[in-house]
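Below you'll find only one chain, the form predicted alone, shown as C-alpha coordinates.
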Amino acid sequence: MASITPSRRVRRTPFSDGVEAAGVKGYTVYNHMLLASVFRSAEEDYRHLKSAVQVWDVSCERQVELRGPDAGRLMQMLTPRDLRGMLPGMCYYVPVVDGTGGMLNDPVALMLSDDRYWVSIADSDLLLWIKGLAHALYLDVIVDEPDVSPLAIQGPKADELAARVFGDSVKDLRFFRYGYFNFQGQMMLVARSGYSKQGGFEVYVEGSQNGMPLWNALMEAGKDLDVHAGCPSAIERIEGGLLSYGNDMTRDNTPHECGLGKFCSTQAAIGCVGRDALLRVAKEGPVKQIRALSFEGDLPPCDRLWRIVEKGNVIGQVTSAAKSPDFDTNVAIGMVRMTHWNEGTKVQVDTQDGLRTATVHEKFWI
(Lines give C-alpha, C1' and ligand atoms only; values in the text may rest on other atoms or scores of the structure.)
Protein backbone atom coordinates (compact mmCIF):
# COMPACT_ATOMS: atom_id res chain seq x y z
CA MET A 1 0.00 0.00 0.00
CA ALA A 2 1.03 3.62 -0.43
CA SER A 3 2.48 5.41 2.59
CA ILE A 4 0.72 8.09 4.62
CA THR A 5 1.98 11.58 3.81
CA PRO A 6 2.76 13.55 6.99
CA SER A 7 0.47 16.52 7.60
CA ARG A 8 -0.62 18.68 10.51
CA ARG A 9 -4.11 17.31 9.85
CA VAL A 10 -2.77 13.91 10.90
CA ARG A 11 -1.53 14.67 14.38
CA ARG A 12 1.47 13.18 16.10
CA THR A 13 1.04 12.08 19.70
CA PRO A 14 2.92 12.64 22.97
CA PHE A 15 4.43 9.16 22.47
CA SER A 16 5.34 9.37 18.77
CA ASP A 17 9.06 9.71 19.48
CA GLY A 18 8.97 6.45 21.43
CA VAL A 19 6.89 4.68 18.78
CA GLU A 20 9.37 5.68 16.08
CA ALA A 21 12.38 4.67 18.16
CA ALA A 22 10.75 1.27 18.67
CA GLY A 23 10.74 0.68 14.90
CA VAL A 24 7.14 1.14 13.88
CA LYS A 25 6.56 -0.20 10.35
CA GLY A 26 3.04 0.98 9.63
CA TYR A 27 0.37 3.44 10.71
CA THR A 28 -3.31 3.98 10.25
CA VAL A 29 -5.19 7.23 10.92
CA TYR A 30 -7.67 7.26 13.81
CA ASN A 31 -9.44 10.38 15.06
CA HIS A 32 -7.08 12.45 12.90
CA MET A 33 -4.06 11.01 14.75
CA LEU A 34 -1.35 8.47 14.03
CA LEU A 35 -2.03 4.97 15.33
CA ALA A 36 0.67 2.35 14.90
CA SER A 37 -0.54 -0.80 13.11
CA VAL A 38 2.56 -3.03 13.02
CA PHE A 39 6.02 -3.20 14.54
CA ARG A 40 7.69 -6.53 13.67
CA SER A 41 4.90 -8.32 11.78
CA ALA A 42 1.21 -8.86 12.43
CA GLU A 43 1.82 -12.44 13.61
CA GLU A 44 4.90 -11.64 15.72
CA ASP A 45 3.13 -8.72 17.41
CA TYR A 46 0.12 -10.97 18.05
CA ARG A 47 2.16 -13.77 19.61
CA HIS A 48 4.12 -11.35 21.79
CA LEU A 49 0.91 -9.70 23.04
CA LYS A 50 -0.35 -13.11 24.18
CA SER A 51 2.87 -14.09 25.95
CA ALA A 52 4.48 -10.98 27.46
CA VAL A 53 3.54 -7.30 27.78
CA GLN A 54 3.23 -4.40 25.37
CA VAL A 55 2.94 -0.63 25.68
CA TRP A 56 0.51 0.89 23.19
CA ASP A 57 0.25 4.50 22.11
CA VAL A 58 -3.53 4.86 21.95
CA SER A 59 -3.61 8.65 22.20
CA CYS A 60 -6.05 8.47 19.29
CA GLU A 61 -8.71 7.45 21.83
CA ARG A 62 -9.45 11.14 22.27
CA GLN A 63 -11.35 12.34 25.29
CA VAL A 64 -14.47 14.47 25.15
CA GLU A 65 -14.91 16.21 28.48
CA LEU A 66 -18.36 17.15 29.80
CA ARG A 67 -18.10 19.59 32.68
CA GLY A 68 -20.82 21.57 34.45
CA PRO A 69 -24.21 21.26 36.18
CA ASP A 70 -25.83 19.55 33.17
CA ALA A 71 -22.96 17.13 32.48
CA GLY A 72 -24.86 14.13 33.86
CA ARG A 73 -27.99 14.99 31.92
CA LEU A 74 -26.02 15.32 28.70
CA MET A 75 -24.15 12.08 29.36
CA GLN A 76 -27.46 10.19 29.66
CA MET A 77 -28.75 11.81 26.47
CA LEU A 78 -25.90 10.18 24.56
CA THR A 79 -26.54 6.56 25.46
CA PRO A 80 -29.35 4.05 26.03
CA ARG A 81 -27.37 2.56 28.91
CA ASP A 82 -28.82 3.46 32.30
CA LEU A 83 -26.20 5.60 34.06
CA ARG A 84 -28.02 6.16 37.34
CA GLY A 85 -25.77 3.71 39.18
CA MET A 86 -22.54 5.21 37.87
CA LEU A 87 -20.17 6.63 40.50
CA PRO A 88 -16.75 8.29 40.44
CA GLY A 89 -14.12 5.61 39.95
CA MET A 90 -16.23 3.69 37.43
CA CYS A 91 -15.81 3.21 33.68
CA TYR A 92 -18.87 2.32 31.58
CA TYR A 93 -18.92 0.98 28.04
CA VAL A 94 -21.63 3.14 26.45
CA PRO A 95 -23.13 2.73 22.97
CA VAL A 96 -23.84 6.24 21.65
CA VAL A 97 -26.77 6.53 19.24
CA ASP A 98 -28.50 9.10 17.05
CA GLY A 99 -32.22 9.85 16.75
CA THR A 100 -32.89 6.67 14.77
CA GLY A 101 -30.98 4.46 17.20
CA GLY A 102 -28.00 4.17 14.85
CA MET A 103 -24.56 3.76 16.38
CA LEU A 104 -22.44 6.92 16.41
CA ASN A 105 -19.63 5.57 18.58
CA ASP A 106 -18.93 2.99 21.29
CA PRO A 107 -16.76 4.82 23.82
CA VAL A 108 -15.79 4.15 27.40
CA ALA A 109 -17.16 6.84 29.74
CA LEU A 110 -15.37 7.72 32.97
CA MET A 111 -17.23 9.54 35.72
CA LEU A 112 -14.71 11.86 37.41
CA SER A 113 -17.28 13.60 39.61
CA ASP A 114 -21.00 14.40 39.65
CA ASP A 115 -20.46 17.21 37.16
CA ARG A 116 -17.49 15.94 35.13
CA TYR A 117 -17.08 13.05 32.67
CA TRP A 118 -14.55 11.90 30.13
CA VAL A 119 -15.81 10.06 27.05
CA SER A 120 -12.97 8.02 25.52
CA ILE A 121 -14.07 7.76 21.92
CA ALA A 122 -13.63 5.39 19.00
CA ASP A 123 -12.92 6.73 15.52
CA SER A 124 -15.55 9.38 14.74
CA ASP A 125 -15.98 13.10 15.33
CA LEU A 126 -18.20 12.58 18.35
CA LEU A 127 -17.03 15.87 19.88
CA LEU A 128 -19.09 17.75 17.29
CA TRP A 129 -22.25 15.72 17.97
CA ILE A 130 -21.98 16.30 21.73
CA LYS A 131 -21.27 20.00 21.27
CA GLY A 132 -24.28 20.26 18.98
CA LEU A 133 -26.63 18.67 21.51
CA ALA A 134 -25.38 20.91 24.31
CA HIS A 135 -25.73 24.05 22.19
CA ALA A 136 -29.14 23.23 20.75
CA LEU A 137 -30.64 22.50 24.18
CA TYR A 138 -28.92 25.40 25.98
CA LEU A 139 -27.38 23.02 28.51
CA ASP A 140 -25.21 24.42 31.28
CA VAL A 141 -22.16 22.37 30.35
CA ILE A 142 -18.75 22.87 28.76
CA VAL A 143 -17.85 20.30 26.09
CA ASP A 144 -14.23 20.20 24.98
CA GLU A 145 -11.24 17.99 24.17
CA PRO A 146 -8.76 18.03 27.07
CA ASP A 147 -5.03 17.39 26.71
CA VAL A 148 -5.38 13.75 27.76
CA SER A 149 -3.66 10.91 25.92
CA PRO A 150 -4.21 7.26 26.85
CA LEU A 151 -1.29 4.83 26.99
CA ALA A 152 -2.18 1.13 27.24
CA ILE A 153 -0.29 -1.63 29.05
CA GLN A 154 -1.56 -4.95 27.70
CA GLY A 155 -0.63 -8.61 27.99
CA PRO A 156 -0.25 -11.38 30.60
CA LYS A 157 2.58 -9.51 32.35
CA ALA A 158 0.75 -6.17 32.42
CA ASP A 159 0.03 -6.34 36.16
CA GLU A 160 3.69 -6.82 37.02
CA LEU A 161 4.86 -3.99 34.78
CA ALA A 162 2.20 -1.57 36.02
CA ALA A 163 3.05 -2.41 39.63
CA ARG A 164 6.72 -1.61 39.07
CA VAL A 165 5.84 1.88 37.85
CA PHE A 166 2.70 2.73 39.89
CA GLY A 167 3.03 0.52 42.98
CA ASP A 168 1.53 -2.83 43.96
CA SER A 169 -1.86 -1.34 44.78
CA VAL A 170 -2.58 -0.90 41.07
CA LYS A 171 -3.07 -4.68 40.94
CA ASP A 172 -6.14 -4.31 43.15
CA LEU A 173 -8.08 -2.36 40.52
CA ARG A 174 -11.21 -4.19 39.43
CA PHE A 175 -12.20 -4.47 35.78
CA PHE A 176 -13.58 -1.18 34.42
CA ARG A 177 -12.58 0.72 37.54
CA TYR A 178 -9.96 3.43 37.81
CA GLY A 179 -7.82 5.01 40.49
CA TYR A 180 -5.11 7.63 40.85
CA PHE A 181 -1.53 6.46 41.25
CA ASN A 182 1.71 8.33 41.77
CA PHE A 183 4.24 8.62 38.98
CA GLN A 184 7.25 10.84 39.63
CA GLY A 185 5.28 13.07 41.98
CA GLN A 186 2.21 13.35 39.74
CA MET A 187 -1.07 11.49 40.26
CA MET A 188 -2.14 9.70 37.09
CA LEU A 189 -5.52 8.14 36.33
CA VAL A 190 -5.10 4.42 35.64
CA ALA A 191 -8.02 2.21 34.56
CA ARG A 192 -8.18 -1.56 34.29
CA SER A 193 -9.33 -1.65 30.70
CA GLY A 194 -7.99 -1.95 27.16
CA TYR A 195 -8.68 -3.10 23.62
CA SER A 196 -7.51 -6.69 24.02
CA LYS A 197 -8.62 -9.87 25.76
CA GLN A 198 -5.21 -10.30 27.38
CA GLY A 199 -5.89 -7.89 30.23
CA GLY A 200 -4.11 -4.77 31.36
CA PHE A 201 -4.48 -1.07 31.98
CA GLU A 202 -4.97 2.27 30.28
CA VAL A 203 -3.20 5.31 31.70
CA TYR A 204 -4.90 8.62 30.94
CA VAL A 205 -1.89 10.91 30.70
CA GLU A 206 -2.79 14.53 31.35
CA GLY A 207 -0.41 16.98 29.70
CA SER A 208 1.49 16.08 26.52
CA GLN A 209 4.80 16.84 28.25
CA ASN A 210 4.26 13.85 30.53
CA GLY A 211 4.01 11.34 27.69
CA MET A 212 7.60 10.34 27.03
CA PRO A 213 8.68 10.22 30.71
CA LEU A 214 6.01 7.57 31.32
CA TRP A 215 6.81 5.71 28.09
CA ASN A 216 10.51 5.58 28.98
CA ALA A 217 9.80 4.49 32.56
CA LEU A 218 7.63 1.57 31.40
CA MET A 219 10.20 0.46 28.84
CA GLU A 220 13.01 0.58 31.41
CA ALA A 221 11.01 -1.18 34.13
CA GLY A 222 9.89 -3.96 31.78
CA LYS A 223 13.18 -5.00 30.20
CA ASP A 224 13.28 -8.35 31.95
CA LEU A 225 9.58 -8.87 31.19
CA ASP A 226 10.31 -8.63 27.44
CA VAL A 227 8.28 -5.44 27.12
CA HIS A 228 7.82 -4.21 23.55
CA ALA A 229 6.06 -1.33 21.91
CA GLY A 230 2.86 -2.67 20.42
CA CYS A 231 -0.54 -1.78 19.02
CA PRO A 232 -4.03 -3.25 18.88
CA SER A 233 -3.84 -6.63 17.13
CA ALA A 234 -6.42 -7.22 14.42
CA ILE A 235 -6.01 -10.98 14.81
CA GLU A 236 -6.48 -10.98 18.59
CA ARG A 237 -9.42 -8.57 18.58
CA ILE A 238 -11.27 -10.61 15.96
CA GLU A 239 -10.66 -13.81 17.94
CA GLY A 240 -12.18 -12.05 20.95
CA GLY A 241 -15.07 -10.39 19.12
CA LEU A 242 -13.90 -6.85 19.95
CA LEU A 243 -15.76 -4.63 17.50
CA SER A 244 -14.20 -1.76 15.60
CA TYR A 245 -16.43 1.27 15.04
CA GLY A 246 -16.37 2.25 11.38
CA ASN A 247 -15.43 -1.28 10.37
CA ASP A 248 -17.83 -3.69 12.06
CA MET A 249 -20.58 -1.19 12.87
CA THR A 250 -21.69 2.21 11.61
CA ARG A 251 -24.64 4.61 11.83
CA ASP A 252 -26.60 2.04 9.82
CA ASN A 253 -26.57 -0.38 12.76
CA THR A 254 -28.37 -0.34 16.10
CA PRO A 255 -26.71 -1.57 19.31
CA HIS A 256 -28.94 -4.67 19.20
CA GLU A 257 -27.62 -5.57 15.75
CA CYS A 258 -24.09 -5.21 17.12
CA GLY A 259 -24.73 -7.61 19.98
CA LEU A 260 -24.74 -4.74 22.47
CA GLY A 261 -28.32 -5.08 23.64
CA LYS A 262 -27.12 -5.91 27.17
CA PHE A 263 -25.82 -2.34 27.40
CA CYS A 264 -29.21 -0.87 26.51
CA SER A 265 -31.52 -0.25 29.46
CA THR A 266 -33.77 1.69 27.13
CA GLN A 267 -36.81 1.79 29.41
CA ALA A 268 -34.74 3.39 32.18
CA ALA A 269 -32.53 5.65 30.05
CA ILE A 270 -34.88 8.63 30.25
CA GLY A 271 -33.79 11.42 27.94
CA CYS A 272 -31.61 9.30 25.67
CA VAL A 273 -31.63 10.52 22.07
CA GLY A 274 -33.08 7.73 19.94
CA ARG A 275 -34.85 6.09 22.88
CA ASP A 276 -38.19 5.71 21.09
CA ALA A 277 -36.56 4.09 18.08
CA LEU A 278 -34.64 1.66 20.28
CA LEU A 279 -37.76 0.73 22.24
CA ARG A 280 -39.26 -0.49 18.97
CA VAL A 281 -36.07 -2.37 18.08
CA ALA A 282 -35.94 -4.01 21.51
CA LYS A 283 -39.55 -5.13 21.19
CA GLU A 284 -39.31 -6.47 17.65
CA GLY A 285 -35.74 -7.78 17.79
CA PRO A 286 -33.03 -7.32 15.16
CA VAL A 287 -33.26 -8.99 11.76
CA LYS A 288 -29.46 -9.11 11.41
CA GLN A 289 -26.70 -9.34 13.97
CA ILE A 290 -22.95 -9.56 14.47
CA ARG A 291 -21.61 -13.11 14.22
CA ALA A 292 -18.24 -14.85 14.18
CA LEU A 293 -17.26 -16.65 10.99
CA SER A 294 -14.44 -19.02 10.08
CA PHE A 295 -12.85 -19.74 6.71
CA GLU A 296 -10.47 -22.40 5.47
CA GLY A 297 -7.70 -21.80 2.96
CA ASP A 298 -5.99 -18.61 1.87
CA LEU A 299 -7.80 -15.28 2.04
CA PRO A 300 -6.97 -11.90 0.51
CA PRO A 301 -6.64 -8.86 2.82
CA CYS A 302 -10.05 -7.81 4.18
CA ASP A 303 -9.64 -4.14 3.30
CA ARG A 304 -13.19 -3.77 1.95
CA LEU A 305 -16.64 -5.15 2.69
CA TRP A 306 -17.21 -8.72 1.56
CA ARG A 307 -20.81 -9.52 0.72
CA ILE A 308 -22.35 -12.72 2.08
CA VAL A 309 -24.55 -14.05 -0.72
CA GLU A 310 -26.99 -16.84 -1.45
CA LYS A 311 -28.40 -17.41 -4.93
CA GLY A 312 -27.61 -13.83 -5.87
CA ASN A 313 -29.18 -12.34 -2.74
CA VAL A 314 -27.11 -10.46 -0.20
CA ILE A 315 -27.67 -11.89 3.29
CA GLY A 316 -24.91 -10.05 5.16
CA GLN A 317 -21.37 -8.79 5.02
CA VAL A 318 -17.97 -9.66 6.44
CA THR A 319 -16.33 -6.58 7.94
CA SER A 320 -13.07 -7.89 9.46
CA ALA A 321 -11.03 -11.04 8.83
CA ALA A 322 -7.58 -12.40 9.64
CA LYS A 323 -5.65 -15.66 9.80
CA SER A 324 -5.48 -16.96 13.38
CA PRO A 325 -2.28 -18.89 14.16
CA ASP A 326 -3.62 -20.16 17.50
CA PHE A 327 -6.89 -21.50 16.12
CA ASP A 328 -5.47 -22.65 12.77
CA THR A 329 -8.22 -21.04 10.74
CA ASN A 330 -9.24 -17.70 9.29
CA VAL A 331 -11.41 -15.80 11.77
CA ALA A 332 -13.86 -13.06 10.88
CA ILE A 333 -16.59 -10.73 12.10
CA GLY A 334 -19.70 -10.22 10.03
CA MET A 335 -23.25 -8.89 10.09
CA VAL A 336 -25.55 -11.78 9.16
CA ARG A 337 -29.30 -11.93 8.56
CA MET A 338 -31.35 -13.98 11.02
CA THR A 339 -32.11 -16.61 8.38
CA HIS A 340 -28.44 -17.62 8.37
CA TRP A 341 -27.03 -16.65 11.77
CA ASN A 342 -27.37 -19.99 13.58
CA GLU A 343 -24.30 -21.96 14.67
CA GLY A 344 -22.77 -24.07 11.90
CA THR A 345 -24.59 -22.43 8.98
CA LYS A 346 -22.52 -22.53 5.79
CA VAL A 347 -22.50 -19.33 3.71
CA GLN A 348 -20.77 -17.99 0.62
CA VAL A 349 -18.61 -14.88 0.93
CA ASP A 350 -17.76 -12.79 -2.13
CA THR A 351 -14.14 -11.64 -1.71
CA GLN A 352 -12.05 -9.72 -4.23
CA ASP A 353 -10.47 -13.09 -5.11
CA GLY A 354 -13.78 -14.86 -5.62
CA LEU A 355 -16.29 -16.83 -3.55
CA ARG A 356 -15.21 -18.52 -0.33
CA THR A 357 -17.21 -20.86 1.90
CA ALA A 358 -17.49 -19.76 5.54
CA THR A 359 -19.09 -21.17 8.68
CA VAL A 360 -21.17 -19.01 11.00
CA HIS A 361 -20.60 -19.24 14.77
CA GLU A 362 -22.64 -17.85 17.65
CA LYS A 363 -19.58 -17.38 19.90
CA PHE A 364 -16.12 -15.95 19.32
CA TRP A 365 -12.94 -17.83 20.06
CA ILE A 366 -11.66 -16.05 23.20
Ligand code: THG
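Residue positions are given as counts along the sequence shown, with the first one as 1. These figures come from a predicted structure and were not determined experimentally.
What follows is about the form predicted in complex with this ligand, which we do not show.
S.K.: Would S120 count as touching this ligand in the model of the complex under a 4.5 Å heavy atom rule?
M.R.: The answer is yes: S120 has a heavy atom within 4.5 Å of this ligand.
S.K.: With the partner left out of view, is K197 within 4.5 angstroms of this ligand in the model of the complex by any non-hydrogen atom?
M.R.: Although this ligand is absent here, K197 would touch it in the model of the complex, with heavy atoms inside 4.5 Å.
S.K.: Is there any non-hydrogen atom of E236 lying within 4.5 Å of this ligand in the model of the complex?
M.R.: Contact with this ligand, no.
S.K.: Answer yes if any heavy atom of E202 is within 4.5 Å of a heavy atom of this ligand in the model of the complex; otherwise answer no.
M.R.: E202: yes, in contact with this ligand in the model of the complex.
S.K.: Quick check for you: of 128-136, 215-223, 170-178, 72-80, which stretch puts a non-hydrogen atom within 4.5 Å of this ligand in the model of the complex?
M.R.: It is 170-178 that comes within 4.5 Å of the partner.
S.K.: Would you kindly say which of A277, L242, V273, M111 lies with a heavy atom within 4.5 Å of this ligand in the model of the complex?
M.R.: The option sitting close enough to the partner is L242.
S.K.: Sort through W341, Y27, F39, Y30 and report the residue having a heavy atom within 4.5 Å of this ligand in the model of the complex.
M.R.: Contact check passes for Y30.
S.K.: Which residues, if any, of 92-106 lie within 4.5 Å of this ligand in the model of the complex when only heavy atoms count?
M.R.: Going through 92-106 in order - heavy atoms within 4.5 Å of this ligand in the model of the complex - the hits are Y93, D106.
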